[in-house]
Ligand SMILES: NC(=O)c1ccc[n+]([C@@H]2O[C@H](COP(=O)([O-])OP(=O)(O)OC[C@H]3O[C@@H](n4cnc5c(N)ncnc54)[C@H](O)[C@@H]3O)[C@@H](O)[C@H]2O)c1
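As structure tokens, one chain now follows by itself in the form predicted on its own.
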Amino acid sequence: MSIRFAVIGCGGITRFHFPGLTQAGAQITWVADLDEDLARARAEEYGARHTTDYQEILASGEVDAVLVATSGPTHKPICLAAIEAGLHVICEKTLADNSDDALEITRAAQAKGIILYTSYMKRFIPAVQRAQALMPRLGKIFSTYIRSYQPWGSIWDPPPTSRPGNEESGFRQRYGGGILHMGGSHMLDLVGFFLGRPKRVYGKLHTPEWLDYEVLASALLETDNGVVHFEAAGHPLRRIGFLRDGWDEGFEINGTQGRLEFYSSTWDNVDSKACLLRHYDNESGDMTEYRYEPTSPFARADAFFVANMEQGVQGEQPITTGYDVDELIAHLHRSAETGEALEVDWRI
């Protein structure tokens, strides 16, 4: 019998998750959104029931798992309620608005024996997975460069009018922060995926005086596999990057026996643009390129999540994935505020 899912939140990101879940064999039985017309339209498309109140879903007894795709500040109450109801959880990134809340969600899932995934789908890009498989051929890792440069237009220039008083921007309300929460969180997840948890962080942030979210985040991250040079930026440069479309994201991992270079295409053009991986092998002197057909990492991630939930196992992606990123974000913020390098206090 296929696992029964509820999709909570029907925003733009779910245009990847709805087909991803169904392709993975899951049955979507409920859909929730505060916009009832939107929830109804999605429900009719997938033969599901709909509601504006996710609590109705949790009390229905008609789902085994939930996909939480709402705005960031709502993740904690929804995830905790779903866990309390005994439902497995896939949550869009970031897991929470702060590391304390992410820790609470993770501990609750562990205590209830719930499978919890934070959907950092870039782990599932074929070129990224190939890179992970090639890591043993690099020898001793001594340096990594990783970044996400996203074309945000003239965000660095003062706007003609400012926000009134202390009113919070819609951007911060939806996502909890700026480029660090958006593109940077994915790159921090890949740091853990490739190199393990960082032990020490030194970070700098830049928030223009007319904004309430950062447009630049830079950090040095000390790991057991060398130092990571990390950067995330929302920028106005129109023709930089792998495909000269302004999107400049990827990593370079250097070891004593070789190098990996990964160049990413934009996250929301998965059906038309692909990524590139280059592997330099020092013994042979060969540079090998790996190119793949465009494919949805969302669908690949959802297939992994659903398969493990059907088997009742967490699988290779740790339950702490979302917490790990949120803890790094918190330490990077504190480092930027104090001007000091900080030991990372991993609490779980």
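Heads up: residue numbers just count along the shown sequence, starting at 1. Computed from a predicted structure; not experimentally measured.
Keep in mind that the form predicted in complex with this ligand is missing from the display, and what follows is about it.
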| item | value |
| --- | --- |
| Interface membership of Ala59, this ligand in the predicted bound form, 4.5 Å heavy atom rule | no |
| 4.5 Å heavy atom contact, Glu92 to this ligand in the predicted bound form | yes |
| Contact label in the predicted bound form: Ala299 to this ligand, heavy atom within 4.5 Å | no |
| Contact label in the predicted bound form: Leu38 to this ligand, heavy atom within 4.5 Å | yes |
| Options 280-288, 40-48, 63-71, 314-322; stretch whose heavy atom lies within 4.5 Å of this ligand in the predicted bound form | 63-71 |
| Residues Ala127, Leu190 and Asp245 all lining this ligand in the predicted bound form, heavy atom within 4.5 Å | no |
| Candidate from Trp267, Phe262, Phe194, Tyr149 lying within 4.5 Å of this ligand in the predicted bound form - any heavy atom | Trp267 |
| Contact residue in the predicted bound form, from Ile329, Cys10, Ala24, Ala336 (heavy atom within 4.5 Å of this ligand) | Cys10 |
| Within 4.5 Å of this ligand in the predicted bound form: residues from 108-133 (heavy atom criterion) | Ser119, Met121 |
